[in-house]
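In structure tokens, one chain follows: the form predicted on its own.
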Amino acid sequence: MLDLKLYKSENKPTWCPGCGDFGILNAVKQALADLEIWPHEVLFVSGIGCGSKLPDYINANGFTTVHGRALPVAQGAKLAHPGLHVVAVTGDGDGYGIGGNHFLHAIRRNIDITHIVEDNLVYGLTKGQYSPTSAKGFVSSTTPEGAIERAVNPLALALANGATFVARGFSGDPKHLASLFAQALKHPGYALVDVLQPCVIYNRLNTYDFYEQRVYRLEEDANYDPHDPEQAWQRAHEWGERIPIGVLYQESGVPTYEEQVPALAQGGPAQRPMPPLTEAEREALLAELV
């Protein structure tokens, strides 16, 4: 196992005290250390939101995109450098709302990236509007009489669209969450980890206490088979007195997108040696840049 200090950033998190993002950040570092992935071997791509600040708070490659666009940039990076571990980090509004269309197409491509969704069921950074995963009736600054729309079920949506790895974690259980991140990083293909993460300012319903009284680990159910799509579908809809966390579904043997692209048979563009420049090319490049 690598030393966790390798991933320590010089930037101090600006998250609110008690924010669930702290548990996610710690779990990410633990998963990288356990898998012995060095900082230069991983790229974090984020959008906009509280959780999307994560690349600033970890010593590794990072790229912050505009709102909702983390997944297409992450996929492009993976195609350019298939040997890199690519992790897209989004919030529920960022990933399931603004970036919802990218979510669907990343799943069906089965490109080899890990997608962490920090799902606090609200838009935290922009002062508490209801998000795609907010429950119907959720009272927020934009819905003082309660949200009218029904909530998106991201796990069912991923399963219905053919995802080969679907998991849910809880930021209040970072040790278990780190094991889920590690499994997702090792999975060859698109891997979704939806993380239940309390927002201590704008969501007073889905608190640490709320989840701690309800979540249970799927791996502790001897009858649960994560390779059975029917069982996964059933558990994806379980929400209320009991909420499952763990790997809901994993399918092996499905080729990744990049494995099927003939142009990548010799490796990604970033991995190929560059031919030396001719004198004329060198002079032209200098003239353009200097």
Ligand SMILES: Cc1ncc(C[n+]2csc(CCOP(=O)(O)OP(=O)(O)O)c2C)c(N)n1
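Computed from a predicted model, the values in this text were never measured in an experiment. Throughout, we count residues from 1 along the sequence that is shown.
Separately, the form predicted in complex with the named molecule exists; it is not shown, and the next lines address it.
Taking a 4.5 Å heavy atom cutoff to the named molecule in the model of the complex, the contact residue among Ala156, Leu125, Leu205, Leu104 is Leu125. Just one listed stretch, out of 157-165, 70-78, 125-133, 176-184, contacts the named molecule in the model of the complex at the 4.5 Å heavy atom level, and that stretch is 125-133. For Asp92, a non-hydrogen atom is located within 4.5 Å of the named molecule in the model of the complex, even though that partner is not displayed. Taking non-hydrogen atoms only, Ala31 never approaches the named molecule to within 4.5 angstroms in the model of the complex. Residue contact with the named molecule in the model of the complex: Ala151 places no heavy atom within 4.5 Å of it. Contact annotation: Leu43 falls outside 4.5 Å of the named molecule in the model of the complex, judged by heavy atom distances. Contacts between stretch 42-80 and the named molecule, counted in the model of the complex as any heavy atom lying within 4.5 Å, involve Ile48, Gly49, Cys50, Gly51, His67, listed in sequence order.
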